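One chain is shown next in structure tokens, namely the form predicted on its own.
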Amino acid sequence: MEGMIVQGFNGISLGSILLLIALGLAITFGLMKVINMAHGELIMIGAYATYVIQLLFKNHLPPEYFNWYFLLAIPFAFIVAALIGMLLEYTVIRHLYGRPLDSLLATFGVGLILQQTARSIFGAPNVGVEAPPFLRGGVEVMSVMLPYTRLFIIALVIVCFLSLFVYLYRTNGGRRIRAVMQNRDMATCLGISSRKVDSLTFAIGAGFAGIAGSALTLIGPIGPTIGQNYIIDAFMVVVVGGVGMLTGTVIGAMGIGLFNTVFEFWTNASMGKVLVFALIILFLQWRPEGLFSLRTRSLD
């Protein structure tokens, strides 16, 4: 019984991390159809933003305030990544809409530039972020210790997903985004500025990547290539769930997380990853559009 709880919790924990990373990609790739290979570097920016806030609290504020640095680091990581994402959209992505291969190559180059910039500022070796005191330790459930950091990440993912869902489906700004992504010409005819919507949408996707980077600092050390370790898994989550479908992204992330944990338990980490890839390939042969497909009013 303890083994099932451990495997189940590890699967949900891994799935929640994949979901947090894939939320930003579900917007930029799922809604905007931009193959953003710099998404991993936006995650890295969020991680380093958290590191900077930690240094500021540790070096310039009384020790009793250190408990709260992480709660400030999360919105800070969102804002920094969103601003850099907005700049990226304005200078590069905007000129490459409808040209997926060009955007893939361009964002790959931007990712390399961002990695080298991080090395120049913070150095090549990895740096560590210290978890705040209230996230140390864990809660015991049936003789199994569940770390507070993992539980915090799961709670953070739920808050982020609900916030994004409410914004996209319950606000006028979200309706404008969905209108532009589903039928750009019709939305423009109705007076919606597609340029502003594109910029805002890409910034939101980049911001969620920043939050993912902030959460990853609770798991291990951070470095210039931290985002590259998760970018392929994030694309798999979005494709399996169905491009542009938030519900499918959730199911895809949890499914990949649970299957990956079970396969690793039966075999090893490398073989577990291979089995997950094989399962995804077989699934996409059966349903190329993913778990869910987006229905639009577009005629083309």
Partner chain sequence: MAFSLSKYLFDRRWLFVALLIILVACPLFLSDFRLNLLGRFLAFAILVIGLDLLWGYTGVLSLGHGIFFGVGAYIMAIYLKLEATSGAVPDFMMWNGITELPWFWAMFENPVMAISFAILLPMLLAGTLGFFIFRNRIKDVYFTILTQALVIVTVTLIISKQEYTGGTNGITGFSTVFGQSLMAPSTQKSIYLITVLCLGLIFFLCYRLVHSRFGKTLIAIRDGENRLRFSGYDTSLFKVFVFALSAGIAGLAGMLFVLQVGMISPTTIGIVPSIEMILWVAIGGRGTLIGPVFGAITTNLAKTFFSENYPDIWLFFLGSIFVIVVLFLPGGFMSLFKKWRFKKKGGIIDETKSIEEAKRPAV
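Remember, predicted model here, so these are calculated numbers, not experimental data. Positions refer to the first chain, counted from 1.
Omitted from view is the form predicted in complex with its partner chain, to which the following refers.
Its partner chain is not drawn, but in the model of the complex it has a heavy atom within 4.5 Å of Leu112.
Contact annotation: Phe29 falls within 4.5 Å of its partner chain in the model of the complex, judged by heavy atom distances. Residue contact check for Arg175: none of its heavy atoms lie within 4.5 Å of its partner chain in the model of the complex. Shown alone here, Gly98 lies within 4.5 Å of its partner chain in the model of the complex, counting heavy atoms only. Looking at its partner chain in the model of the complex, residues Val92, Arg119 and Leu284 each place a heavy atom within 4.5 Å of it. The chain is drawn here without its partner chain; in the model of the complex, the stretch among 52 to 60, 35 to 43, 249 to 257, 66 to 74 whose residues come within 4.5 Å of it by any heavy atom is 35 to 43. Think of it this way: in the model of the complex, its partner chain has a heavy atom of just one of Leu83, Leu105, Leu135, Leu146 within 4.5 Å, and the residue is Leu105. Shown here without its partner chain, the chain has only Asp185 in 174 to 198 lying with a heavy atom within 4.5 Å of that partner in the model of the complex.
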